Structure formats: C-alpha cells, structure tokens
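A single chain, nothing else alongside it, follows as structure tokens in the form predicted alone.
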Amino acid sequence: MSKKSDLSNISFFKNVEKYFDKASAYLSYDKGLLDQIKACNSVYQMRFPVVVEDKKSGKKSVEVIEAYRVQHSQHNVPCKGGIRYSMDVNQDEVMALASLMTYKCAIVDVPFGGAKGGIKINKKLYSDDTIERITRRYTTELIKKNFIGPGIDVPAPDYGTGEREMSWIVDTYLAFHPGEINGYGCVTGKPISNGGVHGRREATGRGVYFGTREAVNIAEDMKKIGLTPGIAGKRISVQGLGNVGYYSAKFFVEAGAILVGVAEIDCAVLNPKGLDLEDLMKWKADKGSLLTYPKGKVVKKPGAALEVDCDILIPAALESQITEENAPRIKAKIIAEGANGPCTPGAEDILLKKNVLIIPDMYLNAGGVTVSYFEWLNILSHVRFGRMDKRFTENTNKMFVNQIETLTGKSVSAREKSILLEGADEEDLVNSGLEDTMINSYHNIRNTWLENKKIKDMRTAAFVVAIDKVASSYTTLGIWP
C-alpha cells in the first residue's frame, strides 16, 4: 500500500523515538544508557551501478541504485532484520524499522540485535535477471563492509522480497566465503532446499493470529471493549494480501472468523456476509488485480477496508496507514498490527480515546523473526528439527497405546491411533515454539500493563518490556560502563 502524500514529511524514526521516550519515563535507567539504546549504531548508505533491463522493452542501461543497511544495536549479535524492495525506502524508514527490530527481538526473547535493509526500486519495472543482479550486487556491498554473516548480521525477507532473493544472497555470500561451515546461516527465510525451515513462510501471519487469539481469549479484556471471547464469529478486515496479510487472514478464517474486507494497492473489496479468501487470491493471481472481483463491493479507495464495520482490523501493508485523518472513521474494536508502524502517534491517541485495543506491531508481527531464529539455530546445529527424536517418540507412543488397549480390552480407532502415535516433525516443532513464544510474550506485556496503573496502552507496555530487557543486557554483559 502506498503512503499518503501528506505523510511525506513525517519521520517514522522520530515516531518510534516518541514511543521510546514515553515508555522510558516508566523506567529508572540512566539517561545516557537510554540514549545509547535509542540511537542507531551503524548506518550504511550505498549507491552502486547495475546494468538494468526494462521489463517491457528489453532495453538495457546502467542505473545507479540507492540502498541501505542499518544496524541499530549490537547488544546481542548477530543483528537481525529483513530487506525490503520499495520506492518508499529511505534512510529514516530503515532506521525506524531497525530500531523496532531491536525491541521486537527483546520482547520475544530472541537473542539478536536489530537491523534492517532496503533497496529503493520498483520491482515491477525490471526483469528477473535485473532483480538478481541488483540483489547480488547489494550483497557484495554488504560483504565489503562486513555487514553480513552468520555471527554479524543476518538479513531476512521483508516487503518486496522472499525466498528467491534470500537464495541469491546466500549464494553470493558463499562465493566470497568458500568452505565456511555455517555460511548458510548468513540469511534466513530461505527455501527448504537451501537450509530453510518448514513454517517460515507462514510465520509472521501465524504469529499475528496466535497473538490476537491470546488477546481475544481473555474475557476480562474483551468485556472492556464490548466483545465476547474467542475468534469464531469475529468480523475481520485485512489491509494487504501479501505474505503477512494472506496468512493472517487464512488462520483467522480457519478458526471461524468472517472476512468482511480486504484492501490491495488499487482497491478494497467489501462484503458484510463474508469473502472467500482463496477465491480472492485465485482471482488476483489470474487477473492481476481485484478491481473486477464480482463477489463483493469493489471500492477504488483502498482505505475503505480500514473503515469497514468489523471487530478486528489487521493492517498488514506499510507504515503510517492509519492517520489522524482516517482514525475517527475506524470502527474496529481491535487493531492487530501485522505491518510495521501502521498507526501514527496522533492516530493512536484518537483510537485509544475510542477504547480501541491496539495490539502493537513490535510484538504482534514478531513471528517472522522468531522462526528466523529457529532457522538460524537449525543451520548452526546442522541437524534438522525432529530428526533425532521423531521415530523414538512414535515408538514410545505406540507402546503406551498398545498397553492401554490391552488393559482396557478396547481398541482405539485407526484415525485416533494415527494421531496418538505421530511424532513431531520440523514444522510441528517450529509452530509449537512460535505459539509458546507468542503466548508467553503477550502475558509478559499484559502483566506489565496491569501492574503499572499509569501505563494506559499496550504499546507503551511493550516498549517498557523491550527497553528493560535491552538495558539489562547492556548492564549484565558489561557493555555499559
């Protein structure tokens, strides 16, 4: 989703700093330490020439590409953060996203520092060969400055990138580091065949679902905003049908939620009776757009999906989509931030006065970095999750079931036996670890929120948790004098 032109002068990084300052007032750490945590440690702005090929005409020319990599904090190494390809990429945005990664990792107890990268391009204008050349050259620039490596800085997919780009990055890295035993750990979000883990592609969306489900299941909190507990029957609207938006919607719908609105870059599709997610995706794939989708009301203003009557709104596109201008018209009782920074501070003030529960991005979309951590551990251990114990668990379970059948004289059905006997494979373990992480982290934030009566919103509580953990790392590791 493209940002509104009237937001062009708003600093995303300054917004993050405002949230930081608001939260740090509830802590008693030295101002110098807080200033150190807040600042970006390393900012690498680069420009490099690449031979580009126009996607339509095939004409070749040389273009100078603008790109960035920001390492916000090395209190834990390696640093971690995605790489996005977008014409909206700029230094301020990358700095903000890198800082959010530091706090995000702290909240979910992932021992990484925060980083982020970006390349200022419109992928639609270039051939696949050109995208590959740009990606490989960007990786080369990172290698030259020691801004990438399994123990230094580990990128991942973000807006406009995916498994393909991660494969090019790891291949380029290994060409410069032949024989490095942990070389595949220089990047996460790779295809399974290149050392990725099952469940990584869906991880951010699944994390959005797990975190929101935990919030919705607390009856006391739902009563305060006029909702009943549980996901089933809740009306949801999703902005953005990329990786995060699609998988978020998928898991909500599978749990019984009703999809009443979706937004893409050129339109919104609304239907109070519910939309078929898979039918939407098929139409989008076949036609290239939802502008002609026949099974809902198509509105050429994408922001209509933000303002539709729903219970849960999931902004899963870019930052600054909910502003002071449209916040008064938002009807959702819960905003589940799948994107980074979708609400401006001014918009948040308006929504909080309307008694809207905002589940903050720096917690809710941490599923991606959590499973990236699992992938990184998998690479460093050189053993696939589940390989050592899956068959042992199945054989042990088989003995238990056989003993129960012998003692009771009753037989378990074939389907039930299959479920009882099955040992956990890699995807089961990854999803279990993600679910446990999202549940525990939610209650850590909520308890901080409830224990300090002066804290009025969940985002501030999340920042308090994050700052406290990062500050503790600085002091206990002796980084801070």
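Because the structure is predicted, anything quoted here is derived from the model rather than measured. Throughout, we count residues from 1 along the sequence that is shown.
Unshown form predicted together with glutamic acid; subsequent notes refer to it.
Within 4.5 Å of glutamic acid in the model of the complex, do we find a heavy atom from each of 206, 248 and 433? No: no residue has a heavy atom within 4.5 Å of the partner.
Considering glutamic acid in the model of the complex, which of 239, 340, 71, 344 comes within 4.5 Å of it through any heavy atom? Result of the distance check: 340.
Single option in 197, 121, 156, 327 placed near glutamic acid in the model of the complex, where near means a heavy atom within 4.5 Å: Comparing distances to glutamic acid in the model of the complex, the residue within 4.5 Å is 156.
Looking in the model of the complex, any heavy atom of residue 312 within 4.5 Å of glutamic acid? The answer is no: residue 312 has no heavy atom within 4.5 Å of glutamic acid.
Give a yes or no for residue 101: in the model of the complex, does one of its heavy atoms lie within 4.5 Å of a heavy atom belonging to glutamic acid? Judged by the heavy-atom cut-off of 4.5 Å, residue 101 is in contact with glutamic acid in the model of the complex.
Contact flag, residue 211 vs glutamic acid in the model of the complex, heavy atom cut 4.5 Å: So residue 211 does not count as contacting glutamic acid.
So in the model of the complex, does residue 369 come within 4.5 Å of glutamic acid, heavy atom to heavy atom? Flag for residue 369 set to yes.
Stretch in contact in the model of the complex with glutamic acid, which is absent here, among 221 to 229, 301 to 309, 75 to 83, 132 to 140 (heavy atoms within 4.5 Å): Single hit among the candidates: 75 to 83.
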